[in-house]
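Next up: just one chain, as structure tokens, the form predicted alone.
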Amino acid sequence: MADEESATMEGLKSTLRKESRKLHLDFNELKSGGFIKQTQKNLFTVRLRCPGGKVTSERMKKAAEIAEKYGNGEVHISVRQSIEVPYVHYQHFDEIAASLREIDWSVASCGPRVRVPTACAGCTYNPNGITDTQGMCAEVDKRYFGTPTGHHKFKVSFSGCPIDCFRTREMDLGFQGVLEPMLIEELCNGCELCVKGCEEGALIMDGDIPVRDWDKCIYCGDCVKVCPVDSMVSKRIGWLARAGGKHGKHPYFSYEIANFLTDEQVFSLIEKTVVWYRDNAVGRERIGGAIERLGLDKYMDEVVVPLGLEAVRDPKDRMKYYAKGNYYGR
């Protein structure tokens, strides 16, 4: 079965190569520009740029218009929040690009470059949100979208809380909202709601006062939310940064590398990490592969430490963010 699938895939690639020469098109270049070749002759899927999955009603109407005029009336919502219009003939690319420019919209990029970032709703309207994921996602898209990496794709994602809906553990760089709680003892009435509400078991009562085990606290902020007398408050809010993740055939879970980044530190980390990746990766290696090959310490010493971030270096400090599952005996 595996041999049959391999032969089928090679046959498809050969057909696409012949087709590209006949049409004088570079399919790899088109894919980099957001036009992805389909199995059907001369047809492509057009990937539209939707950072954070936020799309105005005007843009939704435009996507529908393009799908009806140039596709088959369908759109596809990708797992990375992009709107894709399939079954588009290559002869319509210029018309589609011009139509998108009318409303200041464009196609998304593929290939070895920084991709469109993804994000949850964050604190804009999600009650679990700690940080402004949408605002950060829009700014990262504006600053870094399409930046060449020289090797492979580079994905950035934002989750507004430790529920991590947008899988920061599976991104080349992921940022998760975190909140450090603080108790104002003189306001505490000893109701124990914070202890009962802590799913991590990080709080216990010592007399009438809740006491925190920082080795268990994952900075979710739930204790702050449930406190009825505002004695449990936010000391600081920021981003937990993770690096080296990916999904695909052979997924990696990323490393927690720094905690409580400010927004500006997020931008600095992205910039320095992309440069490090460009300088240190080999071939089409993802950054997780480069970190595994060269060692996490090299990345930490050359990227995280020079930025003055609150580095997460001790493996024990990462254990509170652990993931359970099949470890293949390791």
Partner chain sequence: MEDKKGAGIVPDDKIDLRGVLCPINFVQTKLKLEEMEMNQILEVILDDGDPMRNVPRSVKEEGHKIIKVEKLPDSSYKLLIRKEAE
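Positions refer to the first chain, counted from 1. The structure displayed is predicted, hence computed values, not measured ones.
Only in words, not in the display: the form predicted together with the partner chain, which the text now covers.
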Applying a 4.5 Å heavy atom distance criterion, does V229 contact the partner chain in the predicted bound form? yes
### Message
Please tell me whether any heavy atom belonging to V224 falls inside 4.5 Å of a heavy atom of the partner chain, as the geometry stands in the predicted bound form.
### Response
yes
query = Does the partner chain come within 4.5 Å of any heavy atom of N72 in the predicted bound form?
reply = no
According to a 4.5 angstroms non-hydrogen atom cut-off, is P148 in contact with the partner chain in the predicted bound form? no
> Do heavy atoms from each of P127, C191 and G197 fall within 4.5 Å of the partner chain in the predicted bound form?
Replying inline: yes
Note: the partner chain not shown here; in the predicted bound form, the stretch from 164 to 172, 236 to 244, 216 to 224, 96 to 104 having heavy atoms within 4.5 Å of it is 216 to 224
